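Take a look at this one chain, the form predicted on its own, written out in structure tokens.
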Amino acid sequence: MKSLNLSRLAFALYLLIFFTYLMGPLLVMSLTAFNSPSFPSASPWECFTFEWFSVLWHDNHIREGIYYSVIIGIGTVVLSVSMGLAASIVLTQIWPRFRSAFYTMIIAPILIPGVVIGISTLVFWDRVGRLLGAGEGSALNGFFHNGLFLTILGQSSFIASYAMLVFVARLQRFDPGLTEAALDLGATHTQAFRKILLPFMRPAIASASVLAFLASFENYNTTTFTIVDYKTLTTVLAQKVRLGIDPSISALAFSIITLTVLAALAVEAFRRHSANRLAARLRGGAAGRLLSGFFRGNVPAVLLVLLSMAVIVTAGVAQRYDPTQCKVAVQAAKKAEIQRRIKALQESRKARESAAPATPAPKAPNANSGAFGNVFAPNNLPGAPGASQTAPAQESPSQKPGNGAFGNVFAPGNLSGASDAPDAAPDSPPARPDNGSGFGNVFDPNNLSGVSGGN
């Protein structure tokens, strides 16, 4: 008994973890749709608002994407369900030795990446259009290069495989003797299909249609290459994510979740109602009135009505609710928090400065510690304020002509004809002509050793 309780506890814990992992992100995203910050966030909570649903409603790109996604989804459902049903019937009628090869061929598109399918669809139908003369300016050019047409073909090429799997699962419970009996009684193959097989496949057709529409609605890889000039919801959302998102995306997700739950409850409610009516007929009793019979013993129908009323009431409240005052209060609280943090930082900085020991004054840098000594010191200029006023007799060697960092190359007396050029010493050798150069004969080619005329 103890082990049984432990197993039940472990199973309940597993279900809790599983549904938390599955539904947790959806719940968090739904909460961000009603929070006022401009970036989707559930914490910290600021103001309850419905403004992001209004932003979503006025977003033309989102509405255009939903419109074309629905059109492509309907076309994909028609084409893929038709191909899947035909493939499933052929699979049950084909010779057993070819059945495995045919099944592999039909399932193969599921294993191919969507990028490859999109590119191959685009290239293939472009070549087909050229073979049929659909060049520039022709009437067929727009048909073979239309994004909606190419997207429907590209998506149907692999979604039909999903539909076929649903039909094959349903056909495994079909009794072929019913069709054979109809043919023996004089019915044609078309009549046997329409009167016997098609009604039996109706639930599978509904399931395959929903599956095909959802697969087409959320497809991105194939659609990216085949949509050309149009936009679907997935391509619009991908572009928004690259450029930056706001909680209107969360509002869209919440709307889709709500519509999905409503649709699921409606389907289950009508299914329960049909089952209850069938059970009442088999018991020979009355099915009851239409309204009372629909809700009697039908929990999904009750939940459907309650959820619909909640949606209507929420829409009415959203028309009158104004979060302006809450936003003003939140902004004031944010500014006060910022000022408090600034003041705390300033106080902590003052405390650190008062607690830090007094540092000695930095030593004055040596004038000759630079890479070029004090050549570029402004005090070296004659007459500059603060220039050294030492006597000429006590002039340091570094200040004598020719003893600078670059010698006396830049001395103004080197210029030819300069009035303040220093007189040569009596025992110095005779100066060579400077040839009119500003630097004397430093660059005289005769100075090079080995040159004719050189010393």
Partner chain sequence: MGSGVAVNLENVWIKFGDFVAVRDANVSINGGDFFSFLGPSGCGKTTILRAVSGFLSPSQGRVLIGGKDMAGIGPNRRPTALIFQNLALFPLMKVWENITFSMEVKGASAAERRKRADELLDMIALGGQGDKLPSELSGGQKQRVAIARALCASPDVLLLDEPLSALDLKLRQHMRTELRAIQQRVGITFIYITHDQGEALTMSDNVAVMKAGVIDQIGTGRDVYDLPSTAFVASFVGENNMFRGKILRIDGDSAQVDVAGIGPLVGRISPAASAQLDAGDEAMIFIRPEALAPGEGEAGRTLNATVVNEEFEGNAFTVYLDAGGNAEIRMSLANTGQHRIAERGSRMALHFPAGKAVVVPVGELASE
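Bear in mind the structure is a predicted one, so any value in this text is a computation, not a measurement. Positions refer to the first chain, counted from 1.
Form predicted together with its partner chain: not shown, discussed below.
Only one of 343-351, 276-284, 150-158, 308-316 lies within 4.5 Å of its partner chain in the predicted complex by heavy atoms, and it is 276-284.
Only one of V116, A181, V267, I94 lies close to its partner chain in the predicted complex, with a heavy atom inside 4.5 Å, and it is A181. Contact with its partner chain in the predicted complex, judged by any heavy atom within 4.5 Å, is made by just one of F124, F200, F217, F295: F200. Among heavy atoms of A332, none comes within 4.5 Å of its partner chain in the predicted complex. When contacts are judged by a 4.5 Å heavy atom cut-off, D175 counts as touching its partner chain in the predicted complex. At a distance threshold of 4.5 angstroms between non-hydrogen atoms, G186 is in contact with its partner chain in the predicted complex.
When contacts are judged by a 4.5 Å heavy atom cut-off, S255 does not count as touching its partner chain in the predicted complex. Scanning 191-214 for heavy atoms within 4.5 Å of its partner chain in the predicted complex gives Q191, K195, I196, P199, F200 in sequence order.
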